[in-house]
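One chain follows as structure tokens, the form predicted alone.
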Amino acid sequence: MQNPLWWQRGIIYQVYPRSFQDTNGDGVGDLLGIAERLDYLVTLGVDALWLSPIQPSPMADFGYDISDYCNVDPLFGTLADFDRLLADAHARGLKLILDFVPNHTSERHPWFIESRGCRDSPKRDWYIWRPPGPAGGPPNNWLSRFGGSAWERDETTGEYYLHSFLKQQPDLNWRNPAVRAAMMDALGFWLDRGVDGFRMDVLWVLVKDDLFRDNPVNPAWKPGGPLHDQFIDLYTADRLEVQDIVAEMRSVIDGYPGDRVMIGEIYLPVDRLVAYYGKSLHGAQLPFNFQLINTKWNAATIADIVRKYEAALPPGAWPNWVLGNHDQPRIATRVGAAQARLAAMLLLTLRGTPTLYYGDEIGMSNGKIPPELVQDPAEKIQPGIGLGRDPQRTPMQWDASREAGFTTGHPWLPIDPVAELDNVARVSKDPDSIWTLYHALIALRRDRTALSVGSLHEIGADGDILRFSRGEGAESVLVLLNMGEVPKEVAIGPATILLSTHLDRPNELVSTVAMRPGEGLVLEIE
């Protein structure tokens, strides 16, 4: 691959600011705390950090309900703190990516306060308002992704406004040119400050049907499942008009120097996901590929996913892979501690940009949140069906001290008791730990062009063995992952083991390799 861009050869690390490092003792992480930990990211070897929202917010959905797109919430610090963080990151060769939330604002945003004031408000059409339906209730059957109707009646005017998420998160009307212009200006505000790109929240739901037709019933939904899934999102997601908005966002970003990147949060089947690369690749450079989060964890299924994804990519499009994020159970919880090591090798050897979620590199699993300490509205509104996201948002485990070195105060979510052992201070010094494996994989990826930007060949599954090769120029690397629970012998021809997930077979020469249960190998083909 000729002259790869930083976001193609690099590794992105997601920081959930509330949970990374607190410096003022209020129990919530902040920008100065992230700045204090930049050297850790350099040591780990990642190339960019992505911050979940830091803009002013009432925190109904912990920052995804923004009341001012062009400032920093005092909970996290000040614009000066952000500028310092950005400068410190750049001084270390790190890129910084911001979360941007385009679908909705907070109900306390000045735009919505003005919009709901009266039906004749100049900003009335900045949001989606409708009169009551024929029976006097909601205008149609659209549902919130947090459960219940997506429509909330406003007493002041007697009309309903749309909220695809919480009622405190009214949806913007992206059909209004004034809204589009204001949001592009907000992107420019941060680009002018020097950010290296954006991760666009819920990018695929920005536009809704202008005829406000009912969504069709989902025949696959079963009682006890997420209430939102009772209907298929035919008229409320992945509308064709979204593509024009994506292209406009990309044009704004491309107007700045430095190969800045646009990442899209898109939960869609792969055939629709790849549409967000845009016409002539003028869309999101990295429409997030979440297939490894939602898949069955076995060799045949994963091989099939990779083949179909690679085949679906438009010519010249760059792939990406994700194991976890702030909305999904942690990988160590989903597949277990042993397979989490295998998952690390898979993520960091597949073709495409990998995104790591903070704490996965030390083996963090979902925390245990007592009912009285639940914070997430997704759990409070629909308790007991597994939608709560607090467990994967618990504070980073830095050391074995009180509150794991995260805060001198009382943390906003409880520290997992396993932090006494599973913490950065201990595992980064353990030659056999998962942190050491991540560090070695990242270093190997950086050292071997075949792993960072090379082509992908021969992916397949032989029973429990997932097998693929990567190549670039004269370099040829083979990856073998034993996803089963029994040993396997694999004939490969002359090769040298570069790295094992067990971290104990460096430079071993093999032609037939004996693989232990749950072992992964990266080999150089002779």
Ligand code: NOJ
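Note that residue numbering follows the sequence shown and begins at 1. In this text the structure is predicted, and so the values were computed from the model without any measurement.
The same protein also exists as the form predicted together with 1-deoxynojirimycin; that form is not shown, yet it is the one meant from here on.
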For this session: Decide yes or no: are W321, T349 and H457 jointly within 4.5 Å of 1-deoxynojirimycin in the predicted complex, with each residue judged by its heavy atoms?
Result: no
For this session: Answer yes if any heavy atom of D201 is within 4.5 Å of a heavy atom of 1-deoxynojirimycin in the predicted complex; otherwise answer no.
Result: yes
For this session: May I ask you to check whether D73 falls inside a 4.5 Å heavy atom distance of 1-deoxynojirimycin in the predicted complex?
Result: no
For this session: Give a yes or no for R448: in the predicted complex, does one of its heavy atoms lie within 4.5 Å of a heavy atom belonging to 1-deoxynojirimycin?
Result: no
Exercise. Closest heavy atom of D47 to 1-deoxynojirimycin in the predicted complex, within 4.5 Å or not?
Worked result: no
Seminar exercise, completed: Answer key, 1-deoxynojirimycin contact in the predicted complex at 4.5 Å (heavy atoms) among T394, Q169, T407, T236: the residue is Q169
Seminar exercise, completed: As a check of understanding, the residue in E403, D416, D390, E265 with any heavy atom within 4.5 Å of 1-deoxynojirimycin in the predicted complex should be identified as E265
Exercise. Among 353-361, 193-201, 416-424, 131-139, which stretch has residues with heavy atoms no more than 4.5 Å from 1-deoxynojirimycin in the predicted complex?
Worked result: 193-201
For this session: Taking only heavy atoms into account, state which residues of 140-178 are within 4.5 Å of 1-deoxynojirimycin in the predicted complex, ordered by sequence.
Result: F146, F165, Q169
